[in-house]
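Only one chain is included here, represented as structure tokens and corresponding to the form predicted on its own.
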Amino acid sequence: MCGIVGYIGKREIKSRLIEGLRELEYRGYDSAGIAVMQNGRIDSFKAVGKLSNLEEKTKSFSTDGLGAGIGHTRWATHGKPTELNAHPHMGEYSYVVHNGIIENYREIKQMLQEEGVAFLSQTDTEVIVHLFELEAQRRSDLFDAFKATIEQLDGAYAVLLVTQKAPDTIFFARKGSPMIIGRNDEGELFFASSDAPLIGEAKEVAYMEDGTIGYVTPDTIHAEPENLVFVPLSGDKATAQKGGYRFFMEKEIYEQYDVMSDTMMGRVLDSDIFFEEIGDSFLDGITRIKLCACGTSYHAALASGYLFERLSKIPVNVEIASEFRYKEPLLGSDTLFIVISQSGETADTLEALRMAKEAGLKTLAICNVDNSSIVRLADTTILTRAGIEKGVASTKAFATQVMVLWMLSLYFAKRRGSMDTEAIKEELRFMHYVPKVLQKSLEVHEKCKRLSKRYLHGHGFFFIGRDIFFPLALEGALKLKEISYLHAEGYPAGEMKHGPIALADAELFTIALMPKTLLYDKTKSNVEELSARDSTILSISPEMFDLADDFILTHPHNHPMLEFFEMMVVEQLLAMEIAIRLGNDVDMPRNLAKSVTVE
């Protein structure tokens, strides 16, 4: 949630900051702002809405020579999206940007007000800059003042602060919210919330651990309690661009063929599943699995629950992370705790992981971002290798999560002896075919585009499916909700008659997932019940269905997971085309942010 950047160097500072924010705009776009310090003077600019508004506001401003700057793109947590609430927040002579939440800001604000401090915003962030200036009055050393400020903050934060009393210096602190520092051979220094703004700028980067605090100048990098460890930064700037597609979401749907191959590389062998990340003794004593995630990752977890129990013959419990945190769960040492997160910074999932660690459980993370908080905290991690995903509505991250979980279920099956060698080989044969399925599934794109004009109105959508196709129905409904703002719900097909069918009429659209390899006749009966109540039916299936008003024909397959991945792409394309036809920005849906790093 939110994105921050920082820069020290001799190039034009405003441009460096805005280009960095452009790479992070997917993390929040309620407002944006920068503060630029040169020769002891700080100029600050803010704008509500997208980054283009800030660019327009700063078009006549530029710098020349050495200086420092900080910037922020915001997703509101405290206070409405207004210019006053936008970052950077200012004191009398200092400016601050912040990601996260200061949980005790009310107490700090009250104390500061009693000291005579006047606040301009409704945000929790503003207390940081005023507290710093109060501490600076009490101490001769500004870094001591900054440390005293940070020590008083409860919550999650990544903080950058500049002050006129320390020219060409940026103070930084990190706890529970990601922050990276980069440098290059020209002596330039960069800060960012993720790798993306640093690609093509920094030669090497350091991923800050929780509790890191320090400052940088053109000649110094000081960090406590331990020195920062810099590693080479890999990546290509082009990977973060649209590559000719209309939206990042569209590009990422089309990338699924390649990233799935990357996910499987070195892991899916001809007759075995291999994870170098998992040691020989890691699964010793494990008799059950608990999966914990949010949103799209939760749907991937639900789908894998069927696979683990069916293939691995191991009991599975799937938890929504935001609920798990408060239910006083019973956690046994025989449970493997698996967390799933695209960003590795999802606050609820991260806290659930901490609870599992404190309870002594073995923990495994499935994540897309190396060096993220969840990756560093878990006992071991399997990276999904999906690459940068900038569309807020997850596509390729979901696909790779499901694949990793399917692979894990086979890995468990082999370790537990629940499948013989020939059965595992047969499963692997189908698994090898998934990238081709993803590629062939794109053939229906034009059909989805044409059909989209028929599904712009009405009073809602039912996405229905059975078995693993029920979580896929949930995911299809979520995709449509996120980017079209139309009401949609996912249901097990057999549950229609237990209440929801009361909504059925011609203005209710039913998206029916009807795989031939799994419970086709049962699902068909459920769809017939909806059709009899005049619901408009869109069938996604390899077989024509007489009562369907519309249909999208998928390819015939001999394995449910092949049908799963093909129907997944159809759902993604259909949701995207409906949203585009409605005139929405599918990459930046309203009220959402890519990385949910607050509770």
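What you see is a predicted model, and the numbers here were worked out from it, not measured in a lab. Numbering starts at 1 and runs along the sequence shown.
Beyond the structure shown, there is the form predicted in complex with 2-deoxy-2-amino glucitol-6-phosphate, which is absent from this document and is the topic of what follows.
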| query | finding |
| --- | --- |
| Partner-facing stretch of 287-295, 409-417, 524-532, 508-516, counted where any non-hydrogen atom is within 4.5 angstroms of 2-deoxy-2-amino glucitol-6-phosphate in the predicted complex | 287-295 |
| Complete contact of 99, 193 and 351 with 2-deoxy-2-amino glucitol-6-phosphate in the predicted complex (any heavy atom, 4.5 Å) | no |
| Distance check, residue 346 to 2-deoxy-2-amino glucitol-6-phosphate in the predicted complex, heavy atom within 4.5 Å | yes |
| Residue 479 within 4.5 Å of 2-deoxy-2-amino glucitol-6-phosphate in the predicted complex, heavy atoms | yes |
| Close approach of residue 393 to 2-deoxy-2-amino glucitol-6-phosphate in the predicted complex, 4.5 Å, heavy atom | yes |
| Close approach of residue 125 to 2-deoxy-2-amino glucitol-6-phosphate in the predicted complex, 4.5 Å, heavy atom | no |
| In the predicted complex, the one of 73, 304, 401, 263 near 2-deoxy-2-amino glucitol-6-phosphate [non-hydrogen atom within 4.5 angstroms] | 401 |
